[in-house]
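First, one chain by itself in structure tokens, the form predicted on its own.
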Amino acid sequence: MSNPKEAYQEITTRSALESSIARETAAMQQDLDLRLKQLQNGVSREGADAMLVTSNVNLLYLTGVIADAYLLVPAVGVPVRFVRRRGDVDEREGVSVRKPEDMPAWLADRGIPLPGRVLLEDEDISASDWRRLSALFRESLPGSGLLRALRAVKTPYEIEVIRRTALRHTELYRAIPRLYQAGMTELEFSAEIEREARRSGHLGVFRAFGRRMEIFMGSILSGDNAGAVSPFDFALGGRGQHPSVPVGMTGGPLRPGTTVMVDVSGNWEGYLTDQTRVFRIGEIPEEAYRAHRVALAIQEEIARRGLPGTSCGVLYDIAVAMAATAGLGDRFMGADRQARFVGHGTGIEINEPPVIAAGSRATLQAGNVIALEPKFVIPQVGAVGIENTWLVTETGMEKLTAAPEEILPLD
């Protein structure tokens, strides 16, 4: 480079980038150390000697990467990562094994006692994997609940990642009106939104807890499809395009006089934010606008009351009571079948605890990240309502997603 000024600028820019990456790496490692320490404390409270972790989501939570591996976390001492495929991680960061049965011999060769009572991921691995791993230890105990409880309270670095994701998610939603063209089908509109998301770096993965939860990046529901019942546990399901995926858009045309509800997840760094906005094609009745205003009021009331220690069941009851007072109880969270929740935790998976649901005994904790989604279905019109991702702090709930909340025209 012949120009000394340009050369200096390039060096300065590169140095700033390297420093930024170094700070990010250090912050993430400090956070991973905190998560492992919290798990070790939990293992001790459960009266176990160790926990063995092998599912993708929990390995990501505890190590920052996904690999074909087993992470043995003792109640006291240094965790060991056993890696089945050498290329998955740097060998300095893991012990190479061919099968899980190799782990006891490796420990014995180094004079490390084999743990006796071990927690396993009872809800995250198959029954056959449970039996195989259980055979390695004297006693195996269920441990998925412990990790889900830990993951429900986000650590400082997780909160930072979720904040960044919420900003990018908001920018995606601000772009949605310009992606619409008259005559589009639900499928075509969804494809444009998904394309815009992927072009911005969206990872395209929608992780959900439970084997009966399947969807891609989210759903577009218009008209009567918003009230269609799905076998999956989403607030509003939709019929879907095919019996093999009975959820979401039908692919039918977007018609004047209806609403279009866009519920697409945000995932740019492995953590999910949830956000729903409603658009309209042509004119819609005042009834739809009124129901939308009630949904916004429910959201704000739950957020106002959402302090640490507040009962999730009580918050749900407040939402139901507000919908009933407005004369909209029979349209709240569905029509033919109503979802029995109005909010849920989110993080590495879209449906983490706690859940703001009927009869829930859970209470909010500082560090919970909650998707609040009060919604109504208006016959012949479609769905209205809102969904935002919120952080529970010591002083209340902080809204993280911030796209415009009014019903916006597409035409």
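Since this is a predicted model, take the numbers as computed values, not measurements. Residues carry their position along the shown sequence, with the first being 1.
The protein also exists as the form predicted together with another copy of the chain; that form is not presented, and the subsequent description refers to it.
- Taking non-hydrogen atoms only, Arg337 approaches another copy of the chain to within 4.5 angstroms in the model of the complex.
- Among heavy atoms of His242, some come within 4.5 Å of another copy of the chain in the model of the complex.
- Contact check for Lys99: every heavy atom lies farther than 4.5 Å from another copy of the chain in the model of the complex.
- The closest non-hydrogen atom of Glu283 lies beyond 4.5 Å of another copy of the chain in the model of the complex.
- Residues of just one listed stretch (254-262, 210-218, 170-178, 145-153) have heavy atoms within 4.5 Å of another copy of the chain in the model of the complex: 210-218.
- For the options Val95, Leu136, Ile125, Ile318, the one in contact with another copy of the chain in the model of the complex, meaning a heavy atom within 4.5 Å, is Ile125.
- Proximity to another copy of the chain in the model of the complex, taken as a non-hydrogen atom within 4.5 angstroms, holds for one residue of Glu287, Glu300, Asp330, Asp233, which is Asp233.
- Interface residues of 193-226, taken as those with a heavy atom within 4.5 Å of another copy of the chain in the model of the complex (partner not displayed): Glu194, Arg195, Arg198, Arg199, Gly201, His202, Leu203, Gly204, Val205, Arg207, Arg211, Arg212, Glu214, Ile215, Phe216, Met217, in sequence order.
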